[in-house]
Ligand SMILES: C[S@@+](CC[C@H](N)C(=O)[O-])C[C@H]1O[C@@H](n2cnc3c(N)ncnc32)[C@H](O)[C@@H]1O
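Only one chain is given next, in structure tokens, and it is the form predicted on its own.
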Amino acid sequence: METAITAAAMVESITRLRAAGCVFAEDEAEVLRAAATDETALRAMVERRALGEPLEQVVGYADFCGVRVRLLPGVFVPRVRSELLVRMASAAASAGSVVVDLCCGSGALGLAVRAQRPGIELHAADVDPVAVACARDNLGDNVYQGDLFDALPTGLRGRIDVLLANVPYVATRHIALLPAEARDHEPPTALDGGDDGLDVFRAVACRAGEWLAPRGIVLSEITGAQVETALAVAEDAGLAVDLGYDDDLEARVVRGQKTVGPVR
């Protein structure tokens, strides 16, 4: 049953959102109306949104790549461009594949891949305890807290078929240029990739080989400006590399594969 929200309350909501600079005020007001239990709750949610909190955190979910992902305040909101990561991971996985969502945030990537490949063995990890709690809510078991590979059970070493590593890749000096929604309401650990944005990617690439199964792959999202350096980093780590891209999504994904012989 839909919550009874008066037309006057909706007009008030739209007016407040417009005044706050929300471009799609009418659409956002509808999303908030659907999530609100009553008009008092709607006003509180509208105010949170008007003060800059991401809409997805306000309503407690994000629709991403065909799945609904539960979100908590302060947890990284999955981006549309990350659908490319899901497509590439799903194409590489099959029933029985071991898939790890590293730097998982809410667990959105792993959840979407599992929806497309229900037979996988899925694990996820993040350094942020709030994100881990959120991911456990979305994924259930096999979600671990810790720094990159140190969070994973040692029994996964050498067994991972698909390693989704949606690591932070914004250069530190560019954090201040991000939209306030991200800069003020998402954890720095989910955004800051160091001087050139690739510090965490380097840490993943240099250890990926010991965790990947033979012919296993690691997938990591980057910017267009980082392509040349990121490919070189993965290649120096002994991985066979190529690049996935989707111009419509403005997405670039480095794909590194563990080889069983010399890289050609």
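Every value quoted in this text rests on a predicted model; they were computed, and no experiment measured them. Just count from 1 along the sequence shown to find any residue number.
Although it is not shown, the form predicted together with this ligand is what the next lines describe.
Candidate site formed by Met88, Gly216 and Gly238: none of these residues places a non-hydrogen atom within 4.5 angstroms of this ligand in the predicted bound form.
Figure note: of the listed segments 116-124, 103-111, 177-185, 155-163, the one touching this ligand in the predicted bound form, with heavy atoms no more than 4.5 Å away, is 103-111.
Residue contact with this ligand in the predicted bound form: Thr189 places a heavy atom within 4.5 Å of it. Contact check for Leu84: every heavy atom lies farther than 4.5 Å from this ligand in the predicted bound form. Looking at Gly146, you'd find a heavy atom of it within 4.5 angstroms of this ligand in the predicted bound form. In the predicted bound form, this ligand sits beyond 4.5 Å of every heavy atom of Ala171.
Distance criterion of 4.5 Å from any heavy atom to this ligand in the predicted bound form singles out Val167 from the list Ala92, Val98, Val167, Leu139. In the predicted bound form, the residues of 66-81 lying within 4.5 Å of this ligand by at least one heavy atom are, in order, Phe76, Pro78.
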